[in-house]
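Let's start with one chain on its own, the form predicted on its own, as C-alpha cells.
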C-alpha cells in the first residue's frame, strides 16, 4: 500500500517503554507524571539540557514539537513535548517545575534550536526565565510591556501604553573599514512581500544579507487566553478558523477537535470522518493555491497571470467549501463528535460540482508547470536558493511542505493516522532539493494527492447507505475532563504540524490551552535559509515558507 513507510525508516524508530525511558534517564528523573498520550517525567530545572540531549541522541526523540508553560499556586512549570520524526506516535513529555519566587529553568536551546522562540514566548507570557538562552527577551509583546499576561498576578484591566525603542544596527560595532560597512534595512511590517504584518530586521553588506531577524507579534490576539475562557463543547470551536485564516479553517478546527475528543473519549462516526477528510483536503488545496499564487508574485511581478489563474482555481474550491459549510472563510463546520450538518442537498449536484473541479485540476496543474516551474527566470530565482538541509529543518522543528521540501518524510496523516486517511490510497510527497523550488514542487504535488483523497471520499459518500449517515456522536452537554489531565494532539495542517496542548482542571473550561503553530516553528528557519543570500532571495525564501501571521502570532 502506498502509505507504508520505507523499511529503513521503520527500523530507525525503536520504541521504548516508559520504564525503559526512566531507566535511560536514571537520576535525572525525580518523579513521573500522567499525560494521556505521552509518559511524563519530572526533572530538576538545572538538568534540562542533559535530559533532552539523552532523549535526542540515545532514544531518537529528535523532534521538539512544542514547549508549554504555566504558573500554579506553588510553582511554575515548563513542559517539553518530544516526538520522533521517524514515528511521531512515540511521544514523551518532560516536565520542569521552577521555583515560585525565582522561576528560573535551564534553556533547551543548545539541544533544540526550536526552543529559542518557544522559550521566549514562555518568558514573555508567563514570566519564566531560561538560563543559557542566547536571546531571552519578549517575542510577541513590545519590550516596554509591563508584566506577563498569562501569569496569575497580571491585571488585564490595567491599560498600558507601549513605546517602541529605536532600531539599531546590531552589527555596527563590527565594522572593519568603510568598504565593508553594513546597512540596517527594515522590511515590513506592512509590506506586500511579508505576507501579513511581519517585520524583518535585515543587515546588509552591499546587496548581500549578513543577518535577518523576524520580528513578530503585530497580530497577537490572545487566542490561547480566549480559548481558556470558553467551554469545551461550544465556545472554543469558532476560534481555530482565525489562526490560519486563508481557507485552512477546517484543518485548524480538526486540530482542536482531535485534542478535545481524545481528552473526553469521544468516538467520531465513520461517515463524519469521511466528510471531515474530504473538507480538510479541499482546504489544503485552497491554501496551497494561494501559496503558489503569492509565491509567483514574490519571485517576479511578471507572474501576475499565474496569480490570477491560481486564485481562480482557489475560488472554485472555495465555492465547494461554501456549499459544504455555509461559510466562505470562517467555516465553523466541525463539532466535537462530528460535523454540524450533512452534505448539501441535492447531494448529486454537490458531487457533480466536486467531480467537475477535480476533472479540470490536472490541466490546471500542467498549466502552472508551463507557466512557472518550466520558466527559466523562475528556476534561476528558486533553484539552489533558500537552502534548508534536513538536519537543520529537524533541529528547528520544521514540518509540512517546508520539511518535506528538505526530504524529511514526515506527514501526520500517514504517520499518526486520524480521520479516514489510513483507509485511502495516496502518497506522501517529498523533494530532496532543500531549496525554494523544492518547497513549491511539494505543494503542487500535494494538490494532486489531495485531489485523489477527495475523489475517494466522494466515491464513499455517494454509496453511503442513507440510514447510516450519522454525522455526530453522542456528546455530553457539558464536558468536564478530570482534574490535571493533560494531552497534546496534532493534525497535518496546510503548513505542517498543527497541535493543541490542553491541561484540564475538572471544570468545563481548559486550565491551559496551548497552540503549536507550524508557521511559528517554520518561520524560525528563515535566517538559516537567507543569511549569505541576496535581498531578492530573502523574499523568495520567506514566500516559500508560506507563513500566515495570524497563526504565527495567534
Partner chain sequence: MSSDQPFITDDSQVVTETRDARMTGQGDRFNSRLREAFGSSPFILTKFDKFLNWCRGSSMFMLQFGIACCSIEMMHTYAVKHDLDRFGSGVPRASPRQADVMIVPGTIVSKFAPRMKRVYDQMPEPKFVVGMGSCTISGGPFQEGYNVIKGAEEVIPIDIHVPGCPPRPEALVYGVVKLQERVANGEASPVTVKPYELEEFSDLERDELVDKLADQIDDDELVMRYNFADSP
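Please read these numbers as outputs of a predicted model, since none were measured by experiment. Positions refer to the first chain, counted from 1.
Not pictured, yet referred to below: the form predicted together with its partner chain.
Q: Can you check 384-392, 352-360, 261-269, 209-217 and let me know which stretch has heavy atoms within 4.5 Å of its partner chain in the predicted complex?
A: Selected stretch: 209-217.
Q: Identify which of 319, 300, 379, 470 has a heavy atom within 4.5 Å of its partner chain in the predicted complex; exactly one of them does.
A: It is 319.
Q: Please identify the residue among 235, 312, 89, 478 with any heavy atom within 4.5 Å of its partner chain in the predicted complex.
A: Only one option qualifies, and that one is 312.
Q: Is residue 371 near its partner chain? Define near as a heavy atom within 4.5 Å, in the predicted complex.
A: No, residue 371 stays farther than 4.5 Å from its partner chain in the predicted complex.
Q: Can you check whether residue 445 is within 4.5 Å of its partner chain in the predicted complex, heavy atom basis?
A: Answer no; every heavy atom of residue 445 is more than 4.5 Å from its partner chain in the predicted complex.
Q: Though only this chain appears here, would residue 192 touch its partner chain in the predicted complex if you measure heavy atom gaps against 4.5 Å?
A: Looking in the predicted complex, residue contacts with its partner chain include residue 192, since a heavy atom lies within 4.5 Å.
Q: Can you check whether residue 100 is within 4.5 Å of its partner chain in the predicted complex, heavy atom basis?
A: Contact with its partner chain, no.
Q: So, 284, 332 and 428: all three within 4.5 Å of its partner chain in the predicted complex by heavy atoms, or not?
A: Heavy-atom distance to its partner chain in the predicted complex: none of the three under 4.5 Å.
Q: Just to make sure I understand: among 216-245, which residues lie within 4.5 Å of its partner chain in the predicted complex, judging by heavy atoms?
A: Heavy-atom contacts within 4.5 Å come from 216, 217, 218, 219, 220, 221, 222, 223, 225, 226, 239, 242, 245.
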